[in-house]
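Here we start with a single chain on its own, the form predicted on its own, put down as structure tokens.
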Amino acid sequence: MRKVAFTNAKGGVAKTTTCVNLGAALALAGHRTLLVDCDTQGQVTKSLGVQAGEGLAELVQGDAGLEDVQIEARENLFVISGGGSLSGVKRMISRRDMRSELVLSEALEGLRGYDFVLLDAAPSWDVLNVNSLFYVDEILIPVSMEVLALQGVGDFLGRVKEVQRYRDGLLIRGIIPTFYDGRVKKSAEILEQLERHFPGTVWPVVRYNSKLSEAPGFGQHIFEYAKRSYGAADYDRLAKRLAKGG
């Protein structure tokens, strides 16, 4: 079972979009996939048009079991919902004296039967985000093609490397450039800088595609909403790369 976090301290970089659509591509390819929403915004279930019930907060706080919180969203695609109640989980973790970084790992310890567990981490650097990094084995970092996002990725990677000192085996699998627009010179310039600063780490781009932002409004992933779009082609390509080991 491969455990992957989609994480970046900056918001607006298509982190949830990438987690949901890459996960959908894996599921369509026959991989049994679980999406775990670690964000108080709870966008994963909304993106798939799923009604959120008991979720990650109830699981961590001991009010629900693993069998209660796994929602079947599509064939081979399951979700554990996030949402505002995760704020209480963060407070609980902060008050814990020992092994606070392992609260999420302990809650998800009994998971079985999945090929991939994909975590949509919050756009921040908080106790739940750190818990995510102690649970997963691989990290994928979506980075939008804008200057502020480029400047922030170096700082974020520095924090990840601090976690790696205490979490053996945690691998930065790759950086995923998002909102790439080949018509705009700035996109090409920022992509070039990413590849120069992080050689061998940058994955194929996700091109700017309005269908990607429209699909969640209909409760659909990109392969349901616009399967012949650039967005569908790009996430299918990324899913195949991830399935092959990156």
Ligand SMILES: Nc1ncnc2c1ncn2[C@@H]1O[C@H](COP(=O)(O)OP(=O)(O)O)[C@@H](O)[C@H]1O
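Every value quoted in this text rests on a predicted model; they were computed, and no experiment measured them. Position 1 is the first residue in the sequence shown; the rest follow in order.
One more form of this protein should be noted, the form predicted in complex with this ligand, which is absent from this view; the next part is about it.
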If contact means any heavy atom within 4.5 Å, which of 63 to 71, 200 to 208, 49 to 57, 29 to 37 contacts this ligand in the model of the complex? 200 to 208
Since only the chain is shown here, I'm wondering whether residue 187 would be in contact with this ligand in the model of the complex (any heavy atom pair within 4.5 Å). no
How about residue 13: is it within 4.5 Å of this ligand in the model of the complex, going by heavy atoms? yes
This ligand contact at residue 43 in the model of the complex, heavy atom, 4.5 Å: yes
My question is simply whether residue 193 lines the interface with this ligand in the model of the complex - judged by any non-hydrogen atom within 4.5 Å. no
